[in-house]
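Have a look below at one chain only, the form predicted alone, in structure tokens format.
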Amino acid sequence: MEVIRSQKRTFSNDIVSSPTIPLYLTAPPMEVRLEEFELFAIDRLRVLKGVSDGLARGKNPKEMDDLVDSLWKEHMRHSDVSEMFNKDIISHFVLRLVYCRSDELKKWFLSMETALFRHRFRLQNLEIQRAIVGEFGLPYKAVTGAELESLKERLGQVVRSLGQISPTIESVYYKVPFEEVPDLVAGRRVFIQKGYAFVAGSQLVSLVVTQFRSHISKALILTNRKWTTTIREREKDRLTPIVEGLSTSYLGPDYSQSSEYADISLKDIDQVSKSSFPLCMRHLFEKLREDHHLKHGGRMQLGLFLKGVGLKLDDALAFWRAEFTKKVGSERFDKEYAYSIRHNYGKEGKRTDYTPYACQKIISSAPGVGDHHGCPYRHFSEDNLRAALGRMGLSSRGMEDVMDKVRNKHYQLACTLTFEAIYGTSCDAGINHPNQYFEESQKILKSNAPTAPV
């Protein structure tokens, strides 16, 4: 796959001839426009993050099938089948490059791509499913004749034990080494004899997913090797910045400008910090009030957030000055800190209008000793997190739900559950940005506020 400047993309007829789900066995011999390289990857990333959220929320297989179907239609569907197929291929290989760069990234990508493949496979009819098995070249043959007859009673027992409405055995079974279907074995959903599992045709997904996961896992290792030895340096001025930015990219609304629900002033800030700041910003705000200072990472994270919730530049300078001068004095504040505040508002340097940090950027930060920025759900100890959540008013039940997500590293969902527990409402879209948390909170509080008499 070669990335080129904007011009018509070309592709091989072999790439678009298959109507089935791609197996991503080899990179396609095609040219890709530079803008498609990034845009296709972002669309697929929206799908994978939707899958991640669905799994973290404990959706059952049928609910996940429906979710994957809707996510795919929303972000990956195209009226031209060949264009859709190529977008599928291109986006996968771009994200493979993005997520091969660390063990943590590889683990997430491998899990989400495998889950996506599983549910896309489940949505296909049996004919296409068997075609995919054939594409993998799996050496499994259907059990027939006398062997199948001799096993019918045992196979029927398995079917009945699963509580199926129509406890009849299927007409097609495959005989495979039991270690190749660990999910079926773990769930006692398959008959095992002499080291072989007898897999029903409707359970083909387990066979294929094991092979798919193994292939992607090995491919990520090879891709990482190629990235570190060749691609990263060769493409340092073109693709490398895109690749390194995609894993922490924010895909939601722009919060660089305040909205009707984000317009605070100095007189409101203490009260609003308690009612509407997410935990990450509430912690920074409290530490600033307590210590009258924050290190650079904390100043950036909190400062850009405050800008996004409507704190004007003059108020921001007054706010930071009032705290910092208690510790460093006015002259030092003007000399060392005022410039960076004006810079964040686009009034100094390159005059860039800087955007508040999204959750993914905050979660991936690495606060050191004395730092207070980052994501509390990831960076706090369990005791400190429980104490902070208690101060926000979470019940013991709500706190346990949040801690369960934290232990499973679903940090954004933990924040979402915190929001839902505090405001007594669901947030189906999930919390993806601190400024989103603030705005959604303000919408709820203002809608519940009593109206003044006429």
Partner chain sequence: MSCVRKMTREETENRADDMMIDVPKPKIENPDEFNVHYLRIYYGNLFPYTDIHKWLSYGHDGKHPGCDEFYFGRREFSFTLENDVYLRYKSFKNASAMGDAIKGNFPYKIDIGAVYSVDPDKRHAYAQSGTNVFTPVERELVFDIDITDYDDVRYCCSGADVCSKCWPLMTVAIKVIDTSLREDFGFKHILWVFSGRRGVHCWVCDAKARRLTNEQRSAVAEYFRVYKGNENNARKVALMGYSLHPFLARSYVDFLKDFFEGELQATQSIFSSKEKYEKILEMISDEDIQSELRDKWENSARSSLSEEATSRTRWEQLKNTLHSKKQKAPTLRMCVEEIVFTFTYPRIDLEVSKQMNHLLKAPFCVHPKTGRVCVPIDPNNCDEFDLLAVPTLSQLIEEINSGGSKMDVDEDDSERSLLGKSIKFFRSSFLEPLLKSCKEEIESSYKTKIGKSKDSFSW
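Numbering follows the first chain given and starts at 1. Being a predicted model, the structure only gives us computed values, none of them experimental.
Keep in mind that the form predicted together with its partner chain is missing from the display, and what follows is about it.
- In the predicted bound form, no residue of the candidate spot (E38, R234 and N384) has a heavy atom lying within 4.5 Å of its partner chain.
- With the partner removed from view, the residue among M300, V158, L105, V208 that has a non-hydrogen atom within 4.5 Å of its partner chain in the predicted bound form turns out to be V158.
- A heavy atom within 4.5 Å of its partner chain in the predicted bound form is found for exactly one of G195, G134, G145, G368: G195.
- Residue contact check for R332: none of its heavy atoms lie within 4.5 Å of its partner chain in the predicted bound form.
- Although the partner is absent here, P182 is a contact residue: one of its heavy atoms lies within 4.5 angstroms of its partner chain in the predicted bound form.
- Interface membership of F324, defined by any non-hydrogen atom within 4.5 Å of its partner chain in the predicted bound form, is ruled out.
- Using a 4.5 angstroms limit between non-hydrogen atoms, E400 touches its partner chain in the predicted bound form.
- With its partner chain omitted here, the record of contacts in the predicted bound form names 182-190 of 182-190, 265-273, 79-87, 119-127, defined by a heavy atom within 4.5 Å.
- The single residue of 206-229 lying near its partner chain in the predicted bound form is R213, the criterion being any heavy atom within 4.5 Å.
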